[in-house]
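One chain comes next, on its own, written out as structure tokens in the form predicted alone.
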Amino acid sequence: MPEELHNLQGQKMGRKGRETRRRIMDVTLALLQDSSYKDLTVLDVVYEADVSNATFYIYFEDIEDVLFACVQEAALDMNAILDVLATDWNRRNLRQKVREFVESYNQLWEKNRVELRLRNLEADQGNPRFLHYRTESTRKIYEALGRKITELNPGQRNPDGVAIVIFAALDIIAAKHEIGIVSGATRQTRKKLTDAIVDLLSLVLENRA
């Protein structure tokens, strides 16, 4: 059953309302493929979405409000990552499970790259709305990872801290996943970066780091 949504007037949205809201969000994301959201205006969006200004303001307060809704929707895809963390990890399947975990996060970024880049940009610039949501929407992932570290490496003195550091590195790597990272004459491809985070997390879980 679809989640119950309400417009800014407090009215429950029916099929038509949901479709209109969805169209505004899709158009906004499409426009962001070629431009910064700082340059995006409500007029740009309503023109491309073929809706009126009045209709836009039934569903959203401003452009940031649209973008925040897109970021919230992208976070729903994190369930696939939590599913990997919920499976049994043991010494025999450890590297396979670690790779599944890392790849599932890379896939989240590949599917929602515009939304997640925007989330990080706004959070890093101190936008409290996006900063709070980034923390809360990813908390379950790094807490579950911390429990895996405790389970497989009970001697680790600060499993939660280690989980947060590894997850932060994973987020940076996933953000660079399409192009890799170039530093001077050294190029780290997406495959090398993925292998590196798999190696790092595996070493922690195997109690060798």
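The shown structure was predicted, so the numbers you read here are calculated from the model rather than taken from an experiment. A residue's number is simply how far along the shown sequence it sits, counting from 1. So that the term is clear: the rigid core is the largest set of C-alpha atoms that superpose within 1.5 Å between two forms.
Beyond the structure shown, there is the form predicted in complex with the DNA, which is absent from this document and is the topic of what follows.
Residues of just one listed stretch (151 to 159, 65 to 73, 167 to 175, 34 to 42) have heavy atoms within 4.5 Å of the DNA in the predicted complex: 34 to 42. Contact between Y59 and the DNA in the predicted complex is found at the 4.5 Å heavy atom cutoff. At the 4.5 Å threshold, heavy atoms of A30 stay clear of the DNA in the predicted complex, well away from it. The DNA in the predicted complex comes within 4.5 Å of a heavy atom belonging to N7. Residue contact with the DNA in the predicted complex: V51 places a heavy atom within 4.5 Å of it. Taking the DNA as positioned in the predicted complex, the residues of 7 to 32 that bring a heavy atom within 4.5 Å of it are, in sequence order, N7, Q11, K12, M13, G14, R15, K16, G17, T20. After superposing the rigid core, the C-alpha of M13 moves by 2 Å or more between the shown form and the other one.
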